[in-house]
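Consider the single chain below, provided in structure tokens and representing the form predicted alone.
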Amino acid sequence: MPGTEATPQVEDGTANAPRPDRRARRRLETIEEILDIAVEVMGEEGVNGLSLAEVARRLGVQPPSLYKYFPSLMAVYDALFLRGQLQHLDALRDAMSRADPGLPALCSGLDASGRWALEHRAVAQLLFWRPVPSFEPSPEAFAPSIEMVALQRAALADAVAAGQLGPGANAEEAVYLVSTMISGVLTQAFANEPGLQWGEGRFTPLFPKLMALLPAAFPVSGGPPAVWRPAP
């Protein structure tokens, strides 16, 4: 009969988990609002120009009120770092999952990574550069970055297994080389083409060509390098 159905159960047991009360929900909403304002300030003043006083002013509260949510400016940076890493990891993982294993997945994931970085410039600077010398992310905030590298390493291993790359691509050197490729392109774009998106201008369109050089850097032994070209 209508209205008599039992609450569906799910494997993780969250179906009957208590919902946060109104005060807890309001606290979470305020935290997200603080972080959104912080991103706005960083975009205007630079990542190192973030201040609790300015966040409080835009939120419409006195600076001491923010300490109910974040004990320090470094805690705000840490929360921004964690949120940004999770968003970036989702973009990377989703793009890789929709591509064939190996080099196609790696290139698709890094392409999505570059797009995300240029769409979230201030946060990307916090994640991938060191604009705040005194900030060091907590282990919890840094954990998604470790998972990001693991996904890239797995894609390189798949490329070796598929004969797209030689066995040298299973080494840490390959991970470092791929990181240098994407960070180099983004650094040039950030510094010289601040108003352009991924795929526009002089630098980011070079990324597929750089990825196509990987078989030359890690040739398949016993034969000519397997040449992989990005899909048009």
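Quick caveat: nothing in here was measured; it's all calculated off a predicted structure. Numbering starts at 1 and follows the sequence shown.
There is another form of the same protein, the form predicted in complex with the DNA; it is not shown, and what comes next is about it.
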item: Triple contact flag H88, D94 and S97 to the DNA in the predicted bound form, non-hydrogen atom at 4.5 angstroms; value: no
item: Segment that reaches the DNA in the predicted bound form - one of 176 to 184, 47 to 55, 162 to 170, 202 to 210, heavy atoms within 4.5 Å; value: 47 to 55
item: Heavy atom of S134 within 4.5 Å of the DNA in the predicted bound form; value: no
item: 4.5 angstroms heavy atom contact with the DNA in the predicted bound form for Q62; value: yes
item: L73 within 4.5 Å of the DNA in the predicted bound form, heavy atoms; value: yes
item: 4.5 Å heavy atom contact, Y69 to the DNA in the predicted bound form; value: yes
